[in-house]
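Below you will find one chain, with nothing else, as structure tokens; this is the form predicted on its own, and questions on how it binds or moves follow later.
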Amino acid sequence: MPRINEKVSYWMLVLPALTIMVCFYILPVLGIWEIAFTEPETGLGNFVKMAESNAVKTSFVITFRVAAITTVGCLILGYIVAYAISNFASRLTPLMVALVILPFWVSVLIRSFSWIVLLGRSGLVNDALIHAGMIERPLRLMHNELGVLIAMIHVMLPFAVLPMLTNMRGISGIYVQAARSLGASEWTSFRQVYFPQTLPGVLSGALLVFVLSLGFFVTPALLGGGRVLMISEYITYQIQEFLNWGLGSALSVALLVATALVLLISARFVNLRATLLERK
């Protein structure tokens, strides 16, 4: 009886979340798969059209390139921030962590609009550079890939910092001290002793940023101005502008499969369960 009661209690706790997951995620995803294979006619026509389209290929290349560069930028900046918090800001750690988490309390839309104010032709950055005499004409800092990358790195940075910070705070300083006591330089101690221990956090942060960047929509749409057409924006155009539900759904399926492949490949190198727990 006690074991039966435990099972009943377990399913009573799981069923509400499972029901929401099935109704609001799994069923809509299955609906997208159905549309991809049935609209406007049953078969693989949408996928053939997608494979033959140069615009789709270009959009996928842009998507993976922007996601990769965003990931690299977030890892470099995030590693510096996480290292500084975990090693040099002991008294200020709560404040620094709060500053890292603070962007989560602000809408992505608002943060993206703030970059429009900063990077526009009459924005704060161009005005400051002109007044300083560094440039004569405003620089083109948005409606191109540069503006999209700057804004996306800013939006995605906390997702890189938090896993690396969690990993770094669990590393004992004894190992580095032992290396220094044996005659290793500060750089050698960092490179050969400290950095290898931070790789799980680095890989976790890279996975989170890259996967989230693949399907990002708001920031590329606003900062790209239609010139940096990532696959999520291309899907929106197909469905909203051209009412081409079949091709739009096929593109969604392709993006979902690509993301799943990235996760499967990454699972060989990264503990995905630990990554999700660190994110929470």
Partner chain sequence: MQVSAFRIFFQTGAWLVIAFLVLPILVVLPISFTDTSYIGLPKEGLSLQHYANYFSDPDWLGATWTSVWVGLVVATCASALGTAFAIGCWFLSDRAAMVARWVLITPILVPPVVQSLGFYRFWVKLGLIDTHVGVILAHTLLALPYVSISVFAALTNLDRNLPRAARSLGASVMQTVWAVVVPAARPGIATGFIFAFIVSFDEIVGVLFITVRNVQTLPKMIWEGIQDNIDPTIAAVATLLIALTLLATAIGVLRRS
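Quantities reported herein were computed from a predicted structural model and do not represent experimental measurements. Numbering follows the first chain given and starts at 1.
Beyond what is shown, the protein has a form predicted together with its partner chain; the following relates to that form.
Would you confirm whether the three residues A68, G173 and S181 all fall within 4.5 Å of its partner chain in the predicted bound form, going by non-hydrogen atoms? Contact check failed for every one of A68, G173 and S181.
Quick one: of L141, V81, L203, L75, which gets a non-hydrogen atom within 4.5 angstroms of its partner chain in the predicted bound form? Answer to the contact question: V81.
Please determine whether T236 contacts its partner chain in the predicted bound form, using a 4.5 Å cut-off between heavy atoms. Output for T236 is yes: heavy atoms within 4.5 Å of its partner chain.
Against its partner chain in the predicted bound form, would G215 count as a contact residue? Criterion: heavy atoms within 4.5 Å. The answer is yes: G215 has a heavy atom within 4.5 Å of its partner chain.
Decide whether S59 counts as a contact residue for its partner chain in the predicted bound form under a heavy atom distance cut-off of 4.5 Å. No - in the predicted bound form, heavy atoms of S59 and its partner chain never come within 4.5 Å of each other.
Contact flag, R111 vs its partner chain in the predicted bound form, heavy atom cut 4.5 Å: Result yes; R111 sits at the interface with its partner chain in the predicted bound form.
Is any part of 16 to 42 within 4.5 angstroms of its partner chain in the predicted bound form by a non-hydrogen atom, and which residues would that be? Residues within 4.5 Å: P16, A17, L18, I20, M21, V22, C23, F24, Y25, I26, P28, V29, I32, I35, E39.
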